[in-house]
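Let's start with one chain on its own, the form predicted on its own, as structure tokens.
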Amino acid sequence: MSQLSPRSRALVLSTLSVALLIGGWIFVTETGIANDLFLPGPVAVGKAFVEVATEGYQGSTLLEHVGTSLYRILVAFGFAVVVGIPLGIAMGASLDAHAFFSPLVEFYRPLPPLGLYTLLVMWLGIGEESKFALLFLAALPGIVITTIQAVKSIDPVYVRAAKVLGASWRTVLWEVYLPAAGPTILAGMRISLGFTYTVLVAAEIVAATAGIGWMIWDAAKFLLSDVVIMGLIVLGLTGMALDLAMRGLGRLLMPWTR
């Protein structure tokens, strides 16, 4: 393996880790170490995947569940990006803006999602608005804090040089702050998106009829472990796909980071 290229070596090791995980899963289920009721084998989970994909679960197909969850996540995350990046740049570049907004961001950032969700439901009802709001609030702090740190780490010489050359604030923003802070901001967006996924189940347990998080929650009430595990796998795969898409978008918009 030492003669392989770094990319090939990484691929082999990643494949090996997945194979070991699946092998261990098969071993504990086939030998009876794990109870099938709580940990069904890969074959049972595969059958659940086919059944939900073709016949649906509680009136919606797997594609509809995935589409509903992705719609909620992408809309909420998109709003968090639109609000969080400008806010983070302002807080990182201005001491006054940082002093004004920092207490608000730092106060609600550690609040537990379920505790926050109860208040959002009281304010916004049990419809989609409260779900979007919870996912938005889950995504926002990570983006804001990472953007602040990215902006503060920029060498001030670049900013002063741009201003001396007559650059306007808009030019400094687009030609100095965003290119220099972009890679770190993208890393924060990826972390924030992953945390938003962890809040998805909490957002979908109240008055929902579709969504991967809701499907997992509903199946768990009936001890349908195969559906629960299948839903978790689908949730993880869609999250990985979105992360890869964000990385590809970052390479496209910031080719200097390759």
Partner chain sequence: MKNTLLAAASAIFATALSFAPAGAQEAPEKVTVGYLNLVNAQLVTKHLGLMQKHMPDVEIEYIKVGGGGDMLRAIAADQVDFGGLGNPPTAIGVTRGLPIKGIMVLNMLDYVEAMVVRSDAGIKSFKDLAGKKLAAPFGSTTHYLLLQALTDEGVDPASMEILDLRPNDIAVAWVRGDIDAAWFWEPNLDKAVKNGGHIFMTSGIMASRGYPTWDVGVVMNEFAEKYPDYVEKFLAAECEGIDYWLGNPAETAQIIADELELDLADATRMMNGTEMVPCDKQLTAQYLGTTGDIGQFADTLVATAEFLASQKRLPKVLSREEFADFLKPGYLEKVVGE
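Keep in mind the model is a prediction, meaning the values are calculated, not measured. Positions refer to the first chain, counted from 1.
One more form of this protein should be noted, the form predicted in complex with the partner chain, which is absent from this view; the next part is about it.
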50, 43, 63, 207 - the one with a heavy atom within 4.5 Å of the partner chain in the model of the complex: 207
Interface stretch in the model of the complex with the partner chain - options 100-108, 152-160, 184-192, 123-131, non-hydrogen atom within 4.5 Å: 123-131
Contact label in the model of the complex: residue 220 to the partner chain, heavy atom within 4.5 Å: yes
Partner proximity in the model of the complex: residue 38 to the partner chain, non-hydrogen atom cutoff 4.5 Å: yes
Residue 55: touches the partner chain in the model of the complex, heavy atom cutoff 4.5 angstroms: yes
Non-hydrogen atom contact residue 233 with the partner chain in the model of the complex at 4.5 angstroms: no
